[in-house]
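Read on for two forms of one protein chain; each stands alone as structure tokens, with the labels structure 1 and structure 2.
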Structure 1
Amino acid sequence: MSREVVSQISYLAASVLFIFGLRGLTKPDKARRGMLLAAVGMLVAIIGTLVKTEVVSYGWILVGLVLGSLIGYPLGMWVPMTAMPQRIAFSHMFGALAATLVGVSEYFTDLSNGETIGIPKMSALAFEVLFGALTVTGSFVAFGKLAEFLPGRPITYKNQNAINLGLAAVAAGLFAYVVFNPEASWAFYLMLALATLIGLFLVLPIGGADMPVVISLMNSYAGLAASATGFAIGNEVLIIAGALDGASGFILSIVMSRAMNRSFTNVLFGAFGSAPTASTRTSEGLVAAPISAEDAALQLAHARSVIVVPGYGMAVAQAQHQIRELAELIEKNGGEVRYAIHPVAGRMPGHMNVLLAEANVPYDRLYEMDEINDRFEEADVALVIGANDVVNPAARTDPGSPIYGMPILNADKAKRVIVLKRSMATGFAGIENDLFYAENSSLLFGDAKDSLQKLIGEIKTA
């Protein structure tokens, strides 16, 4: 069997594994297996590439393999879950950079060798460089906003929309020109430079609260760039994997935008159009009712139905293991515990699911918003742990709120609400949460992990 046949069989097997891996990610109980299948698929794809006849030397490949492993292992093993969103943005940046460099290298090599670049190949090269370059800078800005070394607020400037549209129009014109005139290297490199600026200007005007959608969109762009790379260099597995990544990322971006009541076109085109009007509602005249750990534990110990609402505060405190232990104590006392998962809780899709799975919370206890919302009215206690905007009733009642119309978890409809919170600070949206001042709500202040440990201790000694 020739090396080329082995390579093609490997690519076919890798593509099948990618598809099954992506399918596995649609269910929490199959997500780990899906990730494993996708990882094996990538390994098979790498092996299939290494045996190709075009590979004449393995020296630099081995250097890249070692360096990539040295960088990738710490990123995967040592980065905490709270930093995972920015790590993903960082990874997208490198993926897009790889696609861009391949495109530039392929174009430079063909041009230097005097080869004729046909319209199909030139279209693929220009596409991967255009989308790859804007993804590099766009992902870097998203990384900076999430890591908080860049301001999380929208950074706007005068004539922003006109500048963005102008840059996009010029880049599109250069794209068309270089496709039909491949020898015009000035147009190719000018398009590359403009694409890097477009990435910056697209993401800077978008607030930190919308970064999960931006990350998903950047993932889509990186996938499209990778797919174009496959067309340009004749690599089938890149075409398939890139198309899967691009399509799934684009669909996820739309779903997340709807879940956050955000305009997808605003995110897609760099907050093009008017920003939502900020709410003028304040906490003046409102009083939040604090609760002691003893009283909160008493309510939970005697509750027949408890719904846990995890949020980013849980991730920051790394309190998922304590939540599971508390739930087990409630269940030993005859109560039932469910977990309500909002689509955009945390800072990336599935953030809460991953954390709870890490703590071995049973998958069948996790409920999506549409499945759990009608059950809040029957719940004795809704335990809100570090969640804010996703349980804010202003989304239903305040037309002036920036989150008005956003689907939320109906925690306020439970008989009693206990909120674990460090302080009265606002969430990503920067607005007061009416839930914290409701008659049926009480706040247990402090670090979520410490508060949960106190609750566990009180229930054990009761």
Structure 2
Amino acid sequence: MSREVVSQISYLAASVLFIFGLRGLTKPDKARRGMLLAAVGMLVAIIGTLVKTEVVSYGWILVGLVLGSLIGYPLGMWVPMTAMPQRIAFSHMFGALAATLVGVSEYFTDLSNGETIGIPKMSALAFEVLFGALTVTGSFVAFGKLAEFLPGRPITYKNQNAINLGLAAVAAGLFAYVVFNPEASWAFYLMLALATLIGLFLVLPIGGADMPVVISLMNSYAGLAASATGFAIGNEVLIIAGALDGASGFILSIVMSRAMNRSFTNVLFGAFGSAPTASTRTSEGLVAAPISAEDAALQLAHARSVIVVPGYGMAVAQAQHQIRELAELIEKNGGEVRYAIHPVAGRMPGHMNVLLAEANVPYDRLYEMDEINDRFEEADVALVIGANDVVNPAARTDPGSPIYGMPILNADKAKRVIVLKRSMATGFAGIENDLFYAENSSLLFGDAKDSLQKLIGEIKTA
């Protein structure tokens, strides 16, 4: 069997194993085994590439593989679960950078060998470099905002949409030009440079709360860039894996946009939250009822059914373990505890589930919004921890509210609502929350972790 056939077979095997791997993720019990298959697929594809006749020197390859493993290990084992969003954004940067560099290398090699690059291959190369480069800088900004070394608020400037559209138009023009004039390397590299700027300007104006959409979108772009690499170098496993990634990122960004009741374009060009525009109801004349830890503990201890609504504030306070401990106490008293997870709770799709799973909350107690929304009416207590906009009834009732129409958790329909809150500050959207002033709700002020510890102490001594 020739070496080329061996590598082709390895790529086919890898493609199949990747698909099996992703299919494993449809069931929590089968997910780990599935991912093991995908990892085996990766190994097979790497070996299949190393036996190719084109690959003649292994020294530098080894350097890259070892260096990459040394960087990858801490990224895999040491990064805490709370830092998952920025870690993923960081990896999108790496993935897109790899695709971009392969594109540049391929283009440069073909040109310096005096080969004529056909229109299809040049389109693929240009697409790869364009999307790759903008994903590198876009993901870097997302990473910066999530890791908080860049300000999380939207950074806006005059005529930002006009400038972005102008940049995009010039980049598109260069794209078209270089496709028909492949030897015009100035156009190719200028397009590359513009793409990095577009990535920056695209994500800088997007606020921290919208990062789930941005990360998903970058995931999709990185996949598409990888697919384009496959087109350019005629490698099917790259096309397939890139298409899978692209589809995944695309679906996740749609899920996220829908959960925020926003369109793609609105997230990308809206600069949400830059200024409180719509005049919403103020808190004037409304009184929020505070509750003592003692009373709240009493209600929880006697509750038969409790639904916990965790939000990003819980993750910030690192209160996951206290929630689990409190839940165990309630269960000991004969109550049932379930968790209602809003799709955009956290800073990336599914983040809250991971944080709770890490705190040993069994995953069959975690419910998606659609599964649990009808259950709030039967719940004795809804315990809202660090969540705000996702439980604001104004989304259902007040057409003037900026979040009107956003799907929310119906925490207000529970018999009693206890809200753990640091202060009366508004949520990300900067909107007053009617839930806090509702007759059936009371507020327990303080840091979420401290408050939970007090509740745990009260129930234990009761």
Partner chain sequence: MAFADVYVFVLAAFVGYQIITRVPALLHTPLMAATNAISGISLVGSLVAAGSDRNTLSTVLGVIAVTCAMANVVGGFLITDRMLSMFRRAEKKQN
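If you're wondering where the values come from, they're calculated on a predicted model, not measured in any experiment. Rigid core (definition): largest C-alpha set, two forms, superposition within 1.5 Å. Start at 1 and count along the sequence of structure 1; that gives the residue numbers used here.
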item	value
Form predicted on its own - structure 1 or 2	1
Threshold 2 Å Cα movement between structures 1 and 2 for residue 216, core superposed	no
Displaced residue check between structures 1 and 2: residue 292, CA, 2 Å or over, core reference	yes
Yes/no, residue 68 Cα shift of 2 Å or more between structures 1 and 2 with rigid core fixed	no
Between structures 1 and 2, C-alpha offset at residue 312 (rigid core aligned, Å)	3.1
